[in-house]
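The data below hold one chain only, encoded as structure tokens and taken in the form predicted on its own.
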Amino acid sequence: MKLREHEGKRIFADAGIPVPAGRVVQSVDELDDLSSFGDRVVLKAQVDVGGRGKAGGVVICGVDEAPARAAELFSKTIKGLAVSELLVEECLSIAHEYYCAVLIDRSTRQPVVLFTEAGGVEIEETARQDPDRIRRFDISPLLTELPAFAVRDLVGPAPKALGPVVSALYRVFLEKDALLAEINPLVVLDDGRVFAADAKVIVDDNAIARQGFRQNRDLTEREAEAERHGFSYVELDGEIGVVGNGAGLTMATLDLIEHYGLRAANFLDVGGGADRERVAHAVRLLAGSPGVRVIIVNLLGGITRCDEVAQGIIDAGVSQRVIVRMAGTNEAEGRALLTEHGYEMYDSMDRAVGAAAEVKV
């Protein structure tokens, strides 16, 4: 789950990483006294997406302009998300911007610490065009502290005052069960002071409760419903709904859908031993997805009984065309139930997906 900037900065401050003076407001009326911020302030939309600056979600202005500029930001949507709160901060006198992050390298399955002098909004371009400018250190998660030599090599010729920030960021990464802890930009001011001018923290979804969050804010309404039912579910942007049992079988179904030139609307694994109620919930969930015109149910009956699957499909009673491929325990009973209610059934998932392709024609 992505934390908002002000949440990340509160974590950074608790870890000893300097952050600019600031406060969160939910309305223009809360901008009553900004005298403590000096002559200029930074207004930052707090939305759960990246690229706010390029989308107009970050505004630097004089304190007298702040109410009007804040009203403009509150009326905006940024990448489809309405702006409901702003972080108001002091405007820093920046001499240089750096980039520092700790994240999971999926190729090594270990944390990696990144650092470069080329911080700021163009960090992605730096990574693509000049990756050698980014220094890295791979570290075992069993180490609770970055070794001093690693900090020294990462910071390199940059000011030594950045070293403690790099070390503290790694501790934040571990303590908050993070997949990413990033400061971009990490800035040095004209007077030599160091600040985290931005904060990006992504907490592992499996650790949300341990980190004190009651729910995952990143989930859509359907993803939240799928989580309540215990489904493994990923929302996609296609028109073919998919219900499977087992990640391998469900992924194979998605591969076939792409092979036939179609697009899957989701990945949904109901798991082993799904009963009629669980199957009905899964089918109804997909039927409620905009644009889904066909639902493919591809299930193998081991501990899952095909007659329970069939009854769940019937109970769901959705308006979309439902194409079924199931095999295994109580297969004959399940087929009889579906035949009685007029559902389409096929002996292989290739034929089932092929039948869905014909619907498009």
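Start at 1 and count along the sequence shown; that's the residue number. None of these values were measured; they are calculated from a predicted model.
What comes next is about the form predicted together with a small molecule, which does not appear here.
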Candidate stretches 26-34, 318-326, 301-309, 49-57 - the one whose heavy atoms come within 4.5 Å of the small molecule in the model of the complex: 49-57
Contact label in the model of the complex: Glu117 to the small molecule, heavy atom within 4.5 Å: no
Contact label in the model of the complex: Ile314 to the small molecule, heavy atom within 4.5 Å: no
Proximity of Leu249 to the small molecule in the model of the complex, heavy atoms at 4.5 Å: no
4.5 Å heavy atom contact, Ile94 to the small molecule in the model of the complex: yes
Of Ser167, Gln211, Thr126, Asn184, the one that lies within 4.5 Å of the small molecule in the model of the complex (heavy atoms): Asn184
Sole residue of Leu256, Ala264, Cys100, Ala197 within 4.5 Å of the small molecule in the model of the complex, by heavy atom: Ala197
